[in-house]
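Have a look below at one chain only, the form predicted on its own, in structure tokens format.
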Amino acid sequence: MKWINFLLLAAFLGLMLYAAAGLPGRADLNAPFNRDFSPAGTPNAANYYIHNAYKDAHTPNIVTVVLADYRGYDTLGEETVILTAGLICFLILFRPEKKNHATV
């Protein structure tokens, strides 16, 4: 049974390496995500965020502007999921032990 797990892990590793080989190089200015316009001709959202974050939100930290202003509802949903998962873990790990009444 262990060899099946090893085979699945090796196949997953091979798939990840194959997918990583198709990614553009770092700092490639001609990569699609570094262009001002997408291949469809629409403006690239990332470039808009970089160029207009300070003008739109008057906050010097671009990460804060993107997470709190541009993607506020998305971030709120993600935080709700993380909070719910944390509360469930807390409730499972710190639940009181049941007393065994059969030994009395």
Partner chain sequence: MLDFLLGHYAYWFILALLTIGLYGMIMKRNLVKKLVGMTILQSAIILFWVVIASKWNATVPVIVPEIPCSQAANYINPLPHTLMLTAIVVGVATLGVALALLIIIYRNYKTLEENVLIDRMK
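Residue numbers count along the first chain shown, from 1. Superpose the two forms; the largest set of C-alphas matching within 1.5 Å is the rigid core. None of the values given here were measured: they were computed from a predicted structure.
One more form of this protein exists, namely the form predicted in complex with the partner chain; it is left out here, but the text below deals with it.
A.B. asks: Look up in the model of the complex whether L67 has a non-hydrogen atom within 4.5 angstroms of the partner chain, and give yes or no.
C.D. replies: Although the partner chain is absent here, L67 would touch it in the model of the complex, with heavy atoms inside 4.5 Å.
A.B. asks: Please determine whether F33 contacts the partner chain in the model of the complex, using a 4.5 Å cut-off between heavy atoms.
C.D. replies: Yes, contact at 4.5 Å.
A.B. asks: In the model of the complex, is there a heavy atom of the partner chain that lies within 4.5 Å of any heavy atom of E78, even though the partner is absent here?
C.D. replies: Judged by the heavy-atom cut-off of 4.5 Å, E78 is in contact with the partner chain in the model of the complex.
A.B. asks: Taking any heavy atom pair closer than or equal to 4.5 Å as contact, tell me whether P60 reaches the partner chain in the model of the complex.
C.D. replies: Close contact exists here: in the model of the complex, P60 approaches the partner chain to within 4.5 Å, heavy atoms only.
A.B. asks: Just give me the residues of 9 to 25, first to last, that have a heavy atom within 4.5 Å of the partner chain in the model of the complex.
C.D. replies: L9, F12, L13, M16, L17, A20, A21, L23, P24, G25, in sequence order.
A.B. asks: Take the rigid core as the frame of reference and indicate whether the C-alpha of A10 shifts by 2 Å or more between this form and the one not shown.
C.D. replies: After core superposition, the displacement of the A10 C-alpha between this form and the one not shown reaches the 2 Å mark, so yes.
A.B. asks: 2 Å or more on the CA of L23 between this form and the one not shown, with the rigid core superposed, yes or no?
C.D. replies: Yes.
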